[in-house]
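Shown next as structure tokens: one chain only, the form predicted on its own.
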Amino acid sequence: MAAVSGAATGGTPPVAARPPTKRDPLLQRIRSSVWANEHHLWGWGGRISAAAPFVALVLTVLVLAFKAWPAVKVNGAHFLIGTDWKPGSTYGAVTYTNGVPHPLGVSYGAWPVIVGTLESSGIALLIALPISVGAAFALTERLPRWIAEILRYAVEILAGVPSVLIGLWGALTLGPLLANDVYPFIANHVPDVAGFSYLKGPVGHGEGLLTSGIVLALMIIPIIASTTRTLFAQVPPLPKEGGEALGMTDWEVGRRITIPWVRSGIIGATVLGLGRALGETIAVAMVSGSLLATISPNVYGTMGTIAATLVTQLDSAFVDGTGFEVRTLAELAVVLVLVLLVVNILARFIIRRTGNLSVPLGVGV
């Protein structure tokens, strides 16, 4: 009756249902197979993703070791304890040692740049760690929320500033400022006692060990501070409130509860920052003076680091037609990898030791 009245009144007749379209059998089989094996695909995908960084690291080290092996046969143990960096006569006759061709008179020693790497990174860590932990504590515990958010964004922006810009600022602004106004005051007023003589002596022109350490500290503060702030934010409020109820001051709550609660995480964040400092290239090359065969006589003297040596010497290394200097730089890169490996092993050991020393208030409750 409805259909007749619709036709009588000029209405639109009902549209018949469209038959279901056939899917492509191949696509349907693929989709069914994916859904049926979804669990296995996720499992294998996770395994591959987890193994990819390790495989990349192993391949990198193997390539460097393969490239560096001829230099190892020629340089020997002298490479680790030597203090000279002589590429020899690149335009003279080629000589052979243990079957490896190299220019006559080559002598490479990496000890000064190894010391410079460790000294500059150590100075950076001494400056950056207390500042980073203090900034993280202030951002999570002391400052109003709106101010903390602004400062948090500022720290994150600082972490994203390219190292070449920080190095340029250090070479053109920070270094001369320190050499003219800060270093002379320190060198002239430091007490003349044992242990402080390293802070006396000529201050130079702003390029050197202390300037490199300050620049590196500026670069690793955002890394340590951001990670530590996240760790502090995860500390449950109940133990802190319990400490305050027992009469602890804010400093005591932070020292006895907050910091011990995330102590292992702080050490891990410190290792991340130290790894950045050990491997920094351009910024250090611009403010260190990049001297290869000299250990800084005082904290203001010019020096070099492993990473800065790699970036500053690579271009001239291609002049050596035998390729021996390039192989020596590969050997220097292997030394840097070993330094990073030792640092990480020590950090793991410290984390295990400190994790078992004491249990912060509230754990296990």
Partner chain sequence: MSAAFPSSRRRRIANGAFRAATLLALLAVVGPVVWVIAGVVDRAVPHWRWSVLTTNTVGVSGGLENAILGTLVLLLGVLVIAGAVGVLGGVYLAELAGFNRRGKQRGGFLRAATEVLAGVPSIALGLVGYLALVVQFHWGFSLLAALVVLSVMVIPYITRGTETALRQVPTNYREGAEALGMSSGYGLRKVVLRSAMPGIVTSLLIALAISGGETAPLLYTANWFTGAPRAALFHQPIGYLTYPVWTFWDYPSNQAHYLAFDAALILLVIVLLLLVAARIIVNRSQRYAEARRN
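Nothing here was measured: the structure is a model prediction, and the numbers come from that model. Numbering follows the first chain given and starts at 1.
Beyond what is shown, the protein has a form predicted in complex with its partner chain; the following relates to that form.
> Heavy atom within 4.5 Å of its partner chain in the predicted bound form: which of A179, V72, V155, I257?
Contact with its partner chain in the predicted bound form is made by V155 alone.
> By the heavy atom within 4.5 Å rule, which residue out of L238, V193, I150, L104 makes contact with its partner chain in the predicted bound form?
Checked against the cut-off, the match is I150.
> Decide whether V299 counts as a contact residue for its partner chain in the predicted bound form under a heavy atom distance cut-off of 4.5 Å.
No.
> Taking its partner chain as it sits in the predicted bound form, is R47 near enough to touch it, meaning that at least one heavy atom pair lies within 4.5 angstroms?
Although its partner chain is absent here, R47 would touch it in the predicted bound form, with heavy atoms inside 4.5 Å.
> If we define contact as a non-hydrogen atom of the residue within 4.5 angstroms of the partner, is L26 a contact of its partner chain in the predicted bound form?
Output for L26 is no: heavy atoms all beyond 4.5 Å of its partner chain.
> Would you check, heavy atoms only and a 4.5 Å threshold, whether G206 touches its partner chain in the predicted bound form?
No, G206 is distant from the partner.
> Would you point out which of 105-113, 263-271, 160-168, 84-92 contains residues with a non-hydrogen atom within 4.5 Å of its partner chain in the predicted bound form?
Checking each option against the 4.5 Å cut-off leaves 160-168.
> If the criterion is a non-hydrogen atom within 4.5 angstroms, does every one of A52, W251 and T312 touch its partner chain in the predicted bound form?
Yes, each of A52, W251 and T312 comes within 4.5 Å of its partner chain in the predicted bound form.
> For 280-311: residues with a non-hydrogen atom within 4.5 angstroms of its partner chain in the predicted bound form?
Going through 280-311 in order - heavy atoms within 4.5 Å of its partner chain in the predicted bound form - the hits are T281, I282, A285, M286, A307, L310, V311.
> Note whether the distance between the C-alpha atoms of S49 and A269 decreases (closer) or increases (farther) in the predicted bound form, against the displayed form; the change is 3 Å or more.
Relative to this form, farther apart in the predicted bound form.
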